[in-house]
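Next up is one chain by itself, shown in structure tokens, the form predicted alone.
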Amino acid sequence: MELIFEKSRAGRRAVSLEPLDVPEAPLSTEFCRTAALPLPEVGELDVVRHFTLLSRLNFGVDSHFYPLGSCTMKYNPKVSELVAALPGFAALHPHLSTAKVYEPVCQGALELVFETERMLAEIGGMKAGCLQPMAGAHGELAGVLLIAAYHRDKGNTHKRTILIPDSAHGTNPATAAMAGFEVREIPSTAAGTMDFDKLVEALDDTVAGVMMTCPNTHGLFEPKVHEVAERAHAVDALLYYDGANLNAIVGKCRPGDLGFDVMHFNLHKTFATPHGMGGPGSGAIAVGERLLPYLPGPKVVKGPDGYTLEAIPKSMGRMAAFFGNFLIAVRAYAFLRHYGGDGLASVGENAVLNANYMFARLRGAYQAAFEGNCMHECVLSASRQADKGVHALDIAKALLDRGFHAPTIYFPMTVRECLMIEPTETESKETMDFFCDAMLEIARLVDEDPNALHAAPVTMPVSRLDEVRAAKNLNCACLT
């Protein structure tokens, strides 16, 4: 494919402007360039074709199977995009929600915020929700700051520690540290779940909270979660639920019923809104009774004359301007209204079914990280292949040549040569079979010609990069 600069021809333009019908104003020479901008000179059709071809080089949910474990990359329904583009939502100025005189203009938007927060609280088994946090890690920070506000209000100055399993997402300890807490790690057992006895040993009077992902990042449900909640509450510690893996239990099990006090939802995961660079994301939160007084404010309240904003007296303060990424909430609202309670239960059921189907097909060729059934994602190890000189990274690169985005690799770090695969509920059996066939073919290649995998990918515009060398020998000329 030619570079856009190779298509450049002097004097060619993508647009033609009408002659000026007013006198041309002189521009001071101090504002004029001495040389032309180093931009390609191309026609409109060249520009369209260039960027269309570039888009085909991308891997995305709309074009490829995207099995990133823990990230829950699922199809984003286009009807949700249409709803978010409605002028009554998309054309609202954010400041309309902050001035009382304008509240009648945005009653529909305020109702959507109110209803979305109410539905999220119901799904989580909580008392109230909040849409302000603008990403999953931001929602984590909101949750931990709420725990801090609770203890500060009670005068618990000695509560300075947060307990976190070693299998947690890396944002968990980072978030707790950012919020001013000391972090203590709880190891996993050989079965892949948190060591309950080690947790009990660590649960002293200095513990402010416990952060848990359930199912955890090993793809397993924590069997003693009720006992963890009881032990934590016995020392006045609160339980935080990392909602990154909610897709496994949504509509089937509510974190609040398990004993959690606060949780975040990744709207861009469980509720199928755009994710990552296609986002932005949303890390909406919900809280139980203990943390209600400290929620970020203001709060949308339903009254006899419509929806208004009210301050929360003991609020921890804002986490973001207005209501976070509002149009992401609009997309999630459309998803929730489409599925309803029974539909959400089917989301969890099919996500777990799909993950276990892939686990069953692949566990013979790749070592299972842990025995038994998995939840929404299956965790495998390429340790057998690594013993023959082919690593998880090689397998990931080889998948690109076969038309698949790679799964999550080397996370969680508790699993050697980790391969974490999450098909979600949206993938068909045929797609999963294509992927499994490719994985099985790669496993056979390890035995027959392992060197072939070291060169992968060979069909991509960019081949294998030496990332270590690139990091150590930076070319900073492009930054100047």
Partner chain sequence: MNPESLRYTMDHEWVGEQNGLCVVGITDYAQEQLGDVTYVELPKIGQRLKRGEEAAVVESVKAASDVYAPLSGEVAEINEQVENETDLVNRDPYGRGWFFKLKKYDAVEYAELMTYTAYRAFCQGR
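Numbering follows the first chain given and starts at 1. Owing to the predicted nature of the structure, the values given are computational and were not obtained by experimental measurement. Each form is matched to the other, and the largest set of C-alpha atoms that superpose within 1.5 Å is called the rigid core.
The form predicted in complex with the partner chain is left out here; the points below concern that form.
Location of the partner chain contact in the predicted bound form, chosen stretch of 20-28, 7-15, 466-474, 453-461 [non-hydrogen atom, 4.5 Å]: Only one stretch qualifies here: 466-474.
Contact of F359 with the partner chain in the predicted bound form (heavy atom, 4.5 Å): Contact with the partner chain, no.
Touches the partner chain in the predicted bound form: H391 (any heavy atom, 4.5 Å): Residue-level check for H391: yes, a contact with the partner chain.
L53, heavy atom within 4.5 angstroms of the partner chain in the predicted bound form: Because no heavy atom of L53 falls inside 4.5 Å of the partner chain in the predicted bound form, the answer is no.
Contact of L440 with the partner chain in the predicted bound form (heavy atom, 4.5 Å): Heavy-atom contact with the partner chain at 4.5 Å: absent for L440.
Residue (of F326, F221, Y307, Y410) lying close to the partner chain in the predicted bound form, criterion heavy atoms within 4.5 Å: None of the other options qualify; the answer is Y410.
Contact residue in the predicted bound form, from R444, R49, K429, R416 (heavy atom within 4.5 Å of the partner chain): Looking at the other structure, the residue within range turns out to be R416.
Threshold 2 Å Cα movement between the shown form and the other one at V458, rigid core reference: The answer is no; the displacement is under 2 Å.
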